[in-house]
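This document opens with one chain alone, in structure tokens, the form predicted alone.
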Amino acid sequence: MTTSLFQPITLGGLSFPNRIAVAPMCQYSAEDGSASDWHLHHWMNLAMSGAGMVTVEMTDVERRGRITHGCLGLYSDDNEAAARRTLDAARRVAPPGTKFGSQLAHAGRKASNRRPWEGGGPLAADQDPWPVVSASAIAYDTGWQVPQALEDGEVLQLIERFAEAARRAERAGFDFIELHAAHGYLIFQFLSPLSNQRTDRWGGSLENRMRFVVEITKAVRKAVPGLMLGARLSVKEWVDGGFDVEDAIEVAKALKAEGIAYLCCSSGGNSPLQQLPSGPGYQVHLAEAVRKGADIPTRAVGLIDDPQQAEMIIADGRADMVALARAFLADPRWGWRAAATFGEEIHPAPQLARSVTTMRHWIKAAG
């Protein structure tokens, strides 16, 4: 009998062959937003991972929305052409049924930073920094830029940029779009009462603070009605007085009403003061709470790397899918390993078929 992890699932009319997802992972290797040869290698690897859902890294809707100079974007014709080239290559090696999504985002006040391996943190004056924007003029941390608070017309312009990036994603060939409303980036900066202290229609009450993401959802839904639409949300801020589970459930209900088909439930990222626990599956209870509270399919994420644990999350009804990031970087065939663990069929590219017996031998020996 097929295990829960390998049961197919349909979200927003789009079918996936299993419940395994690749979570978006920034590679900081783009060239003015355009996918590079590194992305060609990376996306093709993810395509052959055994995951039914592959969501590529945070993809910014304008240049100033990039975290670093190396962040991916969909704000130019060159970006779009490079994404199509790279996605076409990934599709050529992917097993039938694999679906690819683009995660659209804007870093807001967390933009204009160095790459992690360059030390992270704000770009120095001689490193070509750029001005950053946010819901309010509140810096992320001491020593970071104080962002410009977006004016009403600028907020509306950014909503349209999400819609335009969605059109580019559709033309590039993506199957679905995920809105990035997590980890302290711009959409979440509007959601959090800690980073949003506006007094206009975009701030104050939760209804006003969620208006930005609701209007983005409407605009993207109108721009690409044929694509499934999901979202990633920081369900809990882990700071006193910050955004919490009860708020997330209300946001989830509002997004579901606008056509969001699933929520990937993450947390934190908006404050250096966060008291965030860590450990395998430390955010699963958040996906479970949103799933029950808003009656919406959820994707659990957060240091999930053991196939047995992933199986139990789905089998126990705590989430509808599991998403892995670091595990796929460490083991690009994690989906195969999970299949071998449960005696499920593995679907390799023909050139890799000889490795299946080795994979099964490893699993048997480890067991």
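Everything numeric in this text was worked out from a predicted model, so none of it was measured. Numbers for residues come from their place in the sequence shown, where the first is 1.
There is also a form predicted together with a small molecule; it is not shown, and the following applies to it.
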Does the small molecule get within 4.5 angstroms of any non-hydrogen atom of residue 41 in the model of the complex? no
Examine residue 312 and determine whether its closest non-hydrogen atom to the small molecule in the model of the complex is within 4.5 angstroms. no
Residue 20: touches the small molecule in the model of the complex, heavy atom cutoff 4.5 angstroms: no
Indicate whether the small molecule has at least one heavy atom within 4.5 Å of a heavy atom of residue 79 in the model of the complex. no
Stretch in contact, per heavy atom within 4.5 angstroms of the small molecule in the model of the complex, of 312-320, 332-340, 55-63, 30-38: 55-63
The small molecule: the contacting residue among 183, 221, 114, 256 in the model of the complex [heavy atom, 4.5 Å]: 183
